[in-house]
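Here are two versions of the same chain, shown separately as structure tokens and labelled structure 1 and structure 2.
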Structure 1
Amino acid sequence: MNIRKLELKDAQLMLEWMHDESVVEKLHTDFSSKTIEDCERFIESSWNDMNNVHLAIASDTDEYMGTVSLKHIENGSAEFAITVRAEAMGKGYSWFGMESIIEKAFNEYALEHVYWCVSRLNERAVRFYDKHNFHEAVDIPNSVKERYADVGNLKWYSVLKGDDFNSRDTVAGCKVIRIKTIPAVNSGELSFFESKNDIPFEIKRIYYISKVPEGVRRGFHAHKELKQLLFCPYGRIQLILENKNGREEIELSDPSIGVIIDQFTWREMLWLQKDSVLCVAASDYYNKEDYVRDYDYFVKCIGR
């Protein structure tokens, strides 16, 4: 995945989501009358727009998946916006686009504040922002709110420069650990962990998953007794965990970050970047009887 300048070749796929009711039904703007010429004009105007940044979210094969924007850039702040095609939903493109544009806002454009709003009726969007630890903002300037004076029931969010919105201690109640890492000048880093000292179990098995294409999901199971440490030494993988504490996700993209799964937990892994590697340290040898692969049975077991 990457974000890049919008190109005219993106126009047809841009029009696709504009005319897709499942994508636009909860958005503020009416896109139903838009044409391919409108899309092309928008793309061309984005190349020299000084007050707005519009970029394409693209796959590893450079296929357009959506648009991410910083609008109304002024006085050290900007409004964030994102829309992705139905084809891109549930595959990590939304989070990648959001994370990338916010990083650009603070590091490349030297902004101090990014804000946005969604309809409270847009349950999909609200759920997306809430699960990524963004909280409702109450200090949005009136000059900004006036742009949406004719739209009711909005929920506002914001993030400030310096906010660590990726910092997590737990995900679905499972502990997020910082693997001990020693940097060396001009020669990389060495990361390591030890049984019982750094993780709360003895390691009996280590395995890794590699050569997975972008957008592929794996996992789809829980373990009855097995405890595991999961980490990603290369690439970007979205880890989705569900248990009695709820369903949450975390991106594994830093070799020094791992998640310990030591309770009855359903797990899914989404490859956000091709050839990413997932490593697992396990508390016991392989035992097919320890697997639960029936999701309905899993949900029944946790009483949800």
Structure 2
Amino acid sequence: MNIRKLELKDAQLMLEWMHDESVVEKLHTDFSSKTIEDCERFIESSWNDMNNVHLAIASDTDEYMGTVSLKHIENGSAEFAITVRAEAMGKGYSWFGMESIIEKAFNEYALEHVYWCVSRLNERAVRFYDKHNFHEAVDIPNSVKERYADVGNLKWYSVLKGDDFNSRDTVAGCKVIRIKTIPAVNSGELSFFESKNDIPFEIKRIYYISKVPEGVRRGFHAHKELKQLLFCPYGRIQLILENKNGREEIELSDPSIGVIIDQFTWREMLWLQKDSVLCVAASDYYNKEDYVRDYDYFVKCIGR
């Protein structure tokens, strides 16, 4: 997946979500009367707009999955907005789009502050922002709040340049750990963990996955008994986990971050960058009988 300039070919799928009640029911704006011409005009005007950035979130096959925006760019601040098609929900597109545009806001557009609001009745959105550790903002300027003067019951969020907005404690209830890491002056850092001392099981096997082209997905299975610590010592890999706690994703791009999967969990790994390496410390020897590769059976097992 990637974020890119909006293109005229995106208009049809943009119109699709605008008329999809399941997507728009809790949004502030009424899109019901929008036409394909409106979408095309919006896309064309996005190409030369200095105060607003609107980009497409696109799939690996370059299909439009939603729009992510930085609006009202002024005085080092911008308002974040995102809408994804129903088709894209629960597949990591929202988080990918959000994380990518916030990084762009701070690194490419040199902004200091990104804020947004959502109706408290939009439970899906509130859960999404809370789950990703964004905190409620109480210091939104009145000039910004005035834009929503006629909308009640809003929850405001904001993120400042330098905030560790990507830090998480869990992903689908699986623990995200900081692997002990010792930096050395001008010569990198060394990370380590010890069986049973730093991770909650004895390590019987280590394996790693390398030389994977960008955009390739692996995994698509759960383990019945096996416990594992997954980490990415080089590159960027999206890890998507699903279990009785729901379906969540996390980007592994920091050698000192690991995820412990010690419950019945479906996993998928998406290589966001060529040659990224996924390392795994496992609690047992390889046993093909421990794999559940049938997703329908997995879903039945977790009772969803």
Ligand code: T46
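Fair warning: this is a prediction, and the values are worked out from it, not measured in the lab. Throughout, residue numbering runs from 1 along the sequence of structure 1. We call the rigid core whatever largest set of C-alpha positions still superposes within 1.5 Å between the two forms.
It is structure 1 that shows the chain in the form predicted alone.
Shown in the overlay between structures 1 and 2, fitted on the rigid core, is a CA shift at residue 183 of 2 Å or greater. Once both forms are fitted on their core, a CA shift of 2 Å or more is seen for residue 239 between structures 1 and 2.
Relative to the superposed core, residue 123 undergoes a C-alpha shift smaller than 2 Å between structures 1 and 2.
After superposing on the rigid core, the C-alpha of residue 267 is displaced by 6.9 Å between structures 1 and 2.
Fit the two forms on the rigid core and the C-alpha of residue 285 turns out 3.6 Å off between structures 1 and 2.
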